[in-house]
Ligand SMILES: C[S@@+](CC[C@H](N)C(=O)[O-])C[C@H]1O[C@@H](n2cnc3c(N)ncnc32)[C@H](O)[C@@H]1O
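Below you will find one chain, with nothing else, as structure tokens; this is the form predicted on its own, and questions on how it binds or moves follow later.
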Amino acid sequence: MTNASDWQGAVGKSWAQEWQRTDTSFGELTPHLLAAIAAEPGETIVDIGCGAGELSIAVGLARQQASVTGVDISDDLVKSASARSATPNVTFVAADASQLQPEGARPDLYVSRHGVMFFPDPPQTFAHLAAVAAPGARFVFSCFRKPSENDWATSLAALLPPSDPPAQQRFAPGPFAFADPDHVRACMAGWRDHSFTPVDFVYVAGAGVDPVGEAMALFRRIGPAASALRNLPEAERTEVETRLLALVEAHLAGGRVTFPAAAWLITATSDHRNG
């Protein structure tokens, strides 16, 4: 279970160092999310959990009259995002979304690519974001559907030694925390008119001149296999890496290592109506 402290520590550092590979992995989902964002009005835009900044930069380039602020809890990711951006209307700040206090105009559009499933208290955070937004603000974000619809996740899980399930928490953070639409509605306090659009896409684990090597590098640093590989004894780690290599090679086709993946595109409107 990945939480805020993980993102402020080793997980955030890994994602900051691996941003090119993680952008590639979402490369076939991002255009769907950008199209959904393009359909919404908004001049003061905040990207929640902006990571290394790809979505913020793309939105800023497409909407140059708008002000775009990427927000992430990880200092390392914000540094990576700032270093790669030369877009004058895009800025990045390290902040906790649950305590965000926008400067100047209130946000009228929130966006996020897989960045909202890790809030420790989702109802509080979503209610806060609604309260500091402009009346009738919109939210557009993506998140994974259930693990059984995401072959990359189930395939990786099958490689790993069994572990004790985490303690049950109603609002436990994690990559699949927003798979159930009813749970999402319960999390999104302060928001109404929820819309859920399913998107099936190809998760690109590796591409380029050495797609197998790229996929192995990704899975060693990002996701459930990475955590296990860091903590396993050497003999078990070698065995898992051997099985991981076989899995990656089995998914190599057309110069890419790919896995079926499934996401929601979710939109909602703030219940905050008064100035």
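Since the model is a prediction, treat every value here as computed from it, not as a measurement. Note that residue numbering begins at 1 and tracks the sequence as displayed.
Although not depicted, the form predicted in complex with the ligand is the subject of the following passage.
**Item:** Residue among H114, R145, H128, R106 with a heavy atom within 4.5 Å of the ligand in the predicted bound form
**Value:** Of the candidates H114, R145, H128, R106, H114 is the one lying within 4.5 Å of the ligand in the predicted bound form.
**Request:** Taking 4.5 Å between heavy atoms as the contact cutoff, choose which of F139, F119, F178, W152 touches the ligand in the predicted bound form.
**Result:** Looking at the other structure, the residue within range turns out to be F119.
**Message:** Using a 4.5 angstroms cut-off on non-hydrogen atoms, would L156 count as touching the ligand in the predicted bound form?
**Reply:** Although the ligand is absent here, L156 would stay clear of it in the predicted bound form, with no heavy atoms inside 4.5 Å.
**Item:** 4.5 Å heavy atom contact, W15 to the ligand in the predicted bound form
**Value:** Result yes; W15 sits at the interface with the ligand in the predicted bound form.
**Item:** M188: touches the ligand in the predicted bound form, heavy atom cutoff 4.5 angstroms
**Value:** Output for M188 is no: heavy atoms all beyond 4.5 Å of the ligand.
**Partner proximity in the predicted bound form: L77 to the ligand, non-hydrogen atom cutoff 4.5 Å** = Contact check for L77: yes, within 4.5 Å of the ligand in the predicted bound form.
**Prompt:** Exactly one stretch in 178-186, 93-101, 197-205, 130-138 has heavy atoms within 4.5 Å of the ligand in the predicted bound form; which is it?
**Reply:** Of the options, only 93-101 has residues within 4.5 Å of the partner.
**Asked** Which residues in 51-90 have a heavy atom within 4.5 Å of the ligand in the predicted bound form?
**Response** Contacts from 51-90: G51, V71, D72, I73, S74, L77.
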